[in-house]
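Shown here is one chain on its own, the form predicted alone, set out as structure tokens.
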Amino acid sequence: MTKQIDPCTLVLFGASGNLSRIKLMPGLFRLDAAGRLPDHMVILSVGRGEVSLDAWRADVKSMLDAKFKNGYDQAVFERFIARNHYHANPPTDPDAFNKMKAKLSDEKTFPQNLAYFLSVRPTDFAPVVEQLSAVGLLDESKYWRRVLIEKPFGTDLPSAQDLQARLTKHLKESQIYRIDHYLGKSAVQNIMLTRFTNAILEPLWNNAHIDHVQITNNETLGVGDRTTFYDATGALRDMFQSHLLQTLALVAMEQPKDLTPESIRTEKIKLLESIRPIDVSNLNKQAFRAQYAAGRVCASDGHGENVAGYLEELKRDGVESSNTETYAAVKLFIDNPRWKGVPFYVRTAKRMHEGNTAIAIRFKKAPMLLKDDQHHNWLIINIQPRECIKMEFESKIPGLDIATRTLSVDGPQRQKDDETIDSYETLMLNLMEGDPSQYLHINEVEAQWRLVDPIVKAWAQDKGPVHQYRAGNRDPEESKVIFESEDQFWRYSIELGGDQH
């Protein structure tokens, strides 16, 4: 369903940064090529240094050339490049925002509906908003004004609440768009539609039929050159607090009354607020952490590559020791009638044997068991690298004997001629449309931090050695301590033969 977009100006802070060069500018170009941008839509890129308009447009062209190696439509390029303007906003200039206001006041050039994309350091979120407000650039008396905040929104509950308090001095909640780029992925959006548009699934989507749910994000990559950031953050805050809890909300929430942003958000908030708080006194049965040690991972060319361990990488940057987790697995329960008693196992890790993001749902034992180790039915929604939905079930082996084997129905979500849309393209379009359904409401942010903060605090206070797992291996055997029953195990790839112990 295509929505009407008002004429608007997208004010892009941090326009010369890596995110803008790799994702945002190419994404806006693709939206233009697809005919999704209104005719009167302008991009004002904001950077620290003085750059002439011709030089900036040449730089934008270099971003597109780097992204689209096979070229692009020249007519679309001419239209897109004409949308682009530049404004220098040096941090040392106390009058910079007044100059921005003066520039934007040219109504013939800049549509007065303004969407601000803050691709800046988290410490700059509130100051930028405060300065925009001080010069009247957030005033909605005549036109709409929206502000997109990149993650992370705080580093814990108090900092998130402090940031919210600073923002809401100048913005209504409806003006704040807190991004979680995972929510822009087509395969993540598909979770809700798969559930609620298929009559064969919803009757089974409850504790009467489901044994447990696994939500997984594994990577073969290590922390790379992000050692300083990562050591201050860890797997729990980097991935679990945001992306994976949002995925869980979509898997487990009740059906919204309609597909309006308000209805979808309402159900996600209810779900997140109904997750049982972590019992810190019994934390070792509910959460497990580890760090990758030196090992061998599969490289992009298919060959093995020897890699250093996390602590070795830190030492190269002058850090002698760390308890920061690169592997985190947490068991959660949802205290509502649908999910009472069903464990949700949520895990994320770096330097694993495979990179995969998936929801794996194991159903309870079949009413007829022909053998003790008969396979359970599984439903797997794979998000990346391959977008697909897969069901495994038992079927008779042809022949004289009574025996079954596991068959798989595998439905690729992506067909041959489907569009490939980057998550940032979706979210920038939603920002201009005024659709916040795939952005985080403050109640979601607070519920997620309330859940995560006690684990982070307990782990920070525990000075004991952190378990090590060899890079390129599967989950540490010790991580199984969080399972509710002995026959549960980590589900790995989506290949047939699901019960992989």
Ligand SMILES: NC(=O)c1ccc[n+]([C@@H]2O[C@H](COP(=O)([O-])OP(=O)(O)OC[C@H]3O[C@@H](n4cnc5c(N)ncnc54)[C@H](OP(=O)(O)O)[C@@H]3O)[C@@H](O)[C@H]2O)c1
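Throughout, we count residues from 1 along the sequence that is shown. On a predicted model such as this, the values are computed, not experimentally measured, just so you know.
Quick note: we don't show the form predicted together with the named molecule, though the next part is all about it.
Tyr345, Tyr177, Tyr424, Tyr230 - the one with a heavy atom within 4.5 Å of the named molecule in the predicted complex: None of the others qualify; the residue that does is Tyr424.
Position in contact with the named molecule when the complex is considered in the predicted complex, options His181, Lys331, His170, His85, heavy atoms within 4.5 Å: Only one option qualifies, and that one is His181.
4.5 angstroms heavy atom contact with the named molecule in the predicted complex for Glu202: Heavy-atom contact with the named molecule at 4.5 Å: absent for Glu202.
Heavy atom of Arg338 within 4.5 Å of the named molecule in the predicted complex: Contact with the named molecule, no.
Partner proximity in the predicted complex: Leu19 to the named molecule, non-hydrogen atom cutoff 4.5 Å: Heavy-atom contact with the named molecule at 4.5 Å: present for Leu19.
Partner contact for Phe77 in the predicted complex: the named molecule, 4.5 angstroms, heavy atom: Answer no; every heavy atom of Phe77 is more than 4.5 Å from the named molecule in the predicted complex.
Proximity to the named molecule in the predicted complex (heavy atom, within 4.5 Å), stretch among 134-142, 113-121, 353-361, 317-325: Comparing against the named molecule in the predicted complex, the contact stretch is 113-121.
Contact set, 150-177 vs the named molecule in the predicted complex - heavy atom within 4.5 angstroms: Read in sequence order, the residues that approach the named molecule (within 4.5 Å, in the predicted complex) are Glu150, Lys151, Pro152.
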